[in-house]
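Okay, so here's just one chain, in structure tokens, the form predicted alone.
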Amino acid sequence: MARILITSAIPYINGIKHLGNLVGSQLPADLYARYMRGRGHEVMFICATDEHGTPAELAAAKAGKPVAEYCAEMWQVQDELGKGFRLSFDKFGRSSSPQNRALTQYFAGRLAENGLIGEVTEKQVYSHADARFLPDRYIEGTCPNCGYDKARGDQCENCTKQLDPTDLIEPRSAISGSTDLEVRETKHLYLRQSLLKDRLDAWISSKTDWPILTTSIARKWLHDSDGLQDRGITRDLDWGVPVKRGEEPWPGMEDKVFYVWFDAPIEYIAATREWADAEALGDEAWQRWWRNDKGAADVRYVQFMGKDNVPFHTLSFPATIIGADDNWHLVDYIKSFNYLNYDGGQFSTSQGRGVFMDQALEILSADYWRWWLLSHAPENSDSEFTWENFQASVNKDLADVLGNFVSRVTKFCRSKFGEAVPEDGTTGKRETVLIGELQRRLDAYQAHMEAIEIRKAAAELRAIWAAGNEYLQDAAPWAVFKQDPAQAAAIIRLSLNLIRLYAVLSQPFIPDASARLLTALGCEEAGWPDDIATAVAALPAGHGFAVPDNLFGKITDEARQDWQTRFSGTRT
């Protein structure tokens, strides 16, 4: 049994996330966590809300609420939506937690002790209309790299280029919209990342199994014309982790907080501590996942994120961990994703474009969305959600292949043999061929899941479903029954066992349908198959079952057209 630590990029607190956010981190992380648990491994799956910084303050101001109150309410919303999509977090934490405050201040203290934090007098944008300094995300303007006119002062979400506010063309306040801005001097703390460049380069170069998308972004940031730059870790804000060196005050920084990018990834560790504290397990329970001197050396740590988060997770957060020089476990594998686009454009939280998690669950249950998003995950390039493709995939894969097989087998058995596994007849060459094919496909499915090749895994699972349909159509028990009921019974017995097999293998992708099938078959505790031959004989003759309700309904043209119209505009 292995120990697997899984984290997905923590979502901003500022509103409900869209389906592009979901498939770019949390959903594939959940798939992997469910698979690893199914294989018998010990899994710790961590996520949280990212509650500090400009997005939280702006969203709270827009909602007319104190920022702490707004964050508490939105954490509840995001937690419930995660449950709605069956995201199986061991802990869904909050970056505003006391645990994250303590750990962030601890890491800052360690970095300072090791000479990796310096004070820098810098020029920062001051807004006369707002009577305050404007942190990066309080400033919007045109990106000098790609021309996108809604770029933020820290990064352009269109081309992902890291920016400084002074880089923006025609900058304006994100609070008031004012262009009456002035550049003034202020003092901040900087993480001296440049001193860690060689160690980061050697570490990244050692990760030969990482996806090309991950390593190409990391190396670009390490080796572009400017090289790895030192990065500010404090801001002139009220909401955030107060700047301290461990538990000690930091002279001159009393009115500042740590920059959100510094404290947010530390929340992965802090959320695990939140889990241990909630369970009254003590420090060793969370430290064994994170500290090599406490047992984390044998942990495999896997992160999931969209490509825009790769620079911080391959460089800045590892710089914090390496720079602390205190036996913390570095990530072993980073699974990064391209963007999922929406009907000819981009999903966008800030612009309210696309389908959002709450809206999705209003019209269809989680399994429909999980299947389409995972089977079309943007792994090797950007992919696009269209309503026509969604309808076709749901109807063909879920309704016609899996759902139809379950319905035909269980209803035929009930009508001819009753609601129990029939006991007559023996299998023959046709069944031997099927078992051989399924074994090959199971081996491929497992290999793809181990390698986190999600689309390939989905394709193999779909092929496993299809093999059962092809077998049933070729064996034709409804015709055989007229001449040889015992042989028809053997076909149906194998087919009922295939349903059980499909339920187990499909659980990481479509957990609700899997649970319904296992309940109907009376085998809720079914484990992962060791081999196909054993799996297709797991339900003995005489074992009772119930015919499940229709597993998946088809999406009609009328429904698809209605949704397409409903979600063609901008969410307000």
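Only a predicted model underlies this, so the values are computations on that prediction, with no experimental measurement involved. In this text, the rigid core denotes the largest set of C-alpha atoms whose superposition between the two forms falls within 1.5 Å. Residue numbers run from 1 along the displayed sequence.
Separately, the form predicted together with the RNA exists; it is not shown, and the next lines address it.
**Q** Please identify, from 389-397, 320-328, 494-502, 294-302, the stretch that has a heavy atom within 4.5 Å of the RNA in the model of the complex.
**A** Every other range fails; the passing one is 389-397.
**Q** May I ask you to choose, among His128, Lys150, Lys411, Lys187, the residue with a heavy atom within 4.5 Å of the RNA in the model of the complex?
**A** The residue in contact is Lys411.
**Q** Which pick from Pro135, Gly93, Pro265, Gly354 sits with a heavy atom within 4.5 Å of the RNA in the model of the complex?
**A** In short, Pro135.
**Q** In the model of the complex, is there a heavy atom of the RNA that lies within 4.5 Å of any heavy atom of Thr432, even though the partner is absent here?
**A** Flag for Thr432 set to no.
**Q** How about Leu228 - does it come within 4.5 Å of the RNA in the model of the complex, if we only consider non-hydrogen atoms?
**A** Result yes; Leu228 sits at the interface with the RNA in the model of the complex.
**Q** Contact between Arg462 and the RNA in the model of the complex at 4.5 Å, heavy atoms?
**A** Arg462 belongs to the contact set for the RNA.
**Q** Closest heavy atom of Glu122 to the RNA in the model of the complex, within 4.5 Å or not?
**A** The answer is yes: Glu122 has a heavy atom within 4.5 Å of the RNA.
**Q** Between the RNA and Val260, Asp382 and Lys456, in the model of the complex, does every residue show a non-hydrogen atom at 4.5 Å or closer?
**A** So, yes: the whole triplet contacts the RNA.
**Q** At 4.5 Å, heavy atom to heavy atom, what parts of 304-330 sit next to the RNA in the model of the complex? List them in sequence order, or say none.
**A** Contacts from 304-330: Lys307, Asp308, Phe312.
**Q** Is the shift of Pro135 between this form and the one not shown large enough to count as movement, that is, does its C-alpha move by 2 Å or more after the core is superposed?
**A** Yes, shifts by 2 Å or more.
**Q** Once everything's superposed on the core, is Glu185 shifted 2 Å or more at the Cα between this form and the one not shown?
**A** Yes; Glu185 is a residue whose C-alpha shifts (by 2 Å or more) between this form and the one not shown when the cores are overlaid.
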